[in-house]
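Coming up is one lone chain in C-alpha cells, specifically the form predicted on its own.
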Amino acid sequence: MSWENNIRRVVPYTPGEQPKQQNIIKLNTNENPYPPAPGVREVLTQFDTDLLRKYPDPNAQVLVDAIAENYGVNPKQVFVGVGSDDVLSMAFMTFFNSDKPVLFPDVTYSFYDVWADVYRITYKQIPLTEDFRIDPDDYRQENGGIIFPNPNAPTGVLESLELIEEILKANPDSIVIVDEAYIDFGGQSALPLLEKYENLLVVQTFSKSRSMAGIRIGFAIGSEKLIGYMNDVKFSVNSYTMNHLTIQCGAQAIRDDAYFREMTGRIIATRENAKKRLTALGFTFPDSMSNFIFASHRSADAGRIFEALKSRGIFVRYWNKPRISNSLRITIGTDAEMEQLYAALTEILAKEGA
C-alpha cells in the first residue's frame, strides 16, 4: 500500500526474555537479585495517591538534587530519564547530528545501532581486540561522536581511566559518552574526568546496582552546557517523563549509601566465587567487573547449554552472532541460585561428554 512507503522501518532491539512461569532462576537480564533500599519500601507504603492527579515536577528536582549531592556535582550537571535507555536515546538525539559516523565497538550494547538507525545517524562499529578490549588508536579517526560501555556489555571487560582519557584527548571536537551501567560492581567511574573534559558525558542507571530495573531511572552527568542541551531537547519532546512515585523512590534509594555498598559488595563476592566455580567446570571468560560473566566452554556448545539450562528453568542470555556465538552471559544471582546453576551445568556437561 502507498502509505507504507513513508513508514520508518528499523530492526528493533531484542531485550532478554521475560518468562512468565513461576519457580525459575532468571540470570538473563542482569537484574539485581536483592531488593531496593528500605527507604524505597517506605515511599511505596506512605505515598500520597492524591499526587497522581497532578503533573510531576518536570525537572524532577528532588531526584536531581539527591544525585548531585551523592556524586559531588552541581544539580545543573545532572540529567534524569526513564532508565538509562531513555537518557542514552536523548543523548543520541541531542549530540549525534554530524555527517561523520558515530563510533562504537562491534561487540557492545546492542541498542546503540538501533538508536542510530531510528534517528538516521551514520555509525561505524569498531572491532574489539581478540581479547574483547578497546584499542584507543582505533578511535583516532574522523567521527561524529563516540559511545561505549565501561565495563563493556556483554563482555564485562573494564577499561582504565587512562584509556578513556586517551580517547578524550584524541577527540576534543566530539561528544564522548561513557555508558556506566555496571560501574558500581568494581570499576572506577569516569566522573573525575569531567573536571578536564567538557565534551564528556557519563551515563548511569538505578536498574542494576540499586535494584530498581522495574521503576526505570537513569541519569547522565556532564558539563552544565551538555546537560542544558539535553534538557532543551527533552522539554521539546516530553516535559513530564518521570512520575511522582519514581522521583521519590529514586531519591530515597540514592541516599542510602550503606545499603548500596552492602548489596554491591555481596554481588561482587558471589561473582568472584562464580569465576572459580565456572573455571572448574571448564569455562573461560574475560575478567568481568560487572554483575555478570560472559562465559564460553572449552568443548561444549553454548547454544546447547543455553537450551538445556532453559529446559531446567534456568535462563541465561545467548546471542547467535559473529564472535560471540559460543558464549553465554550469566547474571550473578544469589548464592543459592548460583549453586543451582553449577549443579545444572555439571549435569549438562556430563551428558555432553565435556
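We number the residues from 1 along the sequence you see. All values derive from a computational prediction rather than experimental measurement.
Omitted here: the form predicted together with a small molecule. The next part is about that form.
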*Among Leu88, Leu201, Val157, Val102, which has at least one heavy atom within 4.5 Å of the small molecule in the predicted bound form?*
Leu88
*Quick one: from Ala153, Leu226, Leu128, Ile167, grab the residue that has a heavy atom within 4.5 Å of the small molecule in the predicted bound form.*
Ala153
*Give a yes or no on whether each residue among Tyr13, Tyr182 and Lys208 has a heavy atom within 4.5 Å of the small molecule in the predicted bound form.*
yes
*Among 276 to 284, 145 to 153, 260 to 268, 235 to 243, which stretch has residues whose heavy atoms lie within 4.5 Å of the small molecule in the predicted bound form?*
145 to 153
*Can any non-hydrogen atom of Gly186 be found within 4.5 angstroms of the small molecule in the predicted bound form?*
no
_Interface membership of Tyr109, the small molecule in the predicted bound form, 4.5 Å heavy atom rule_ = yes
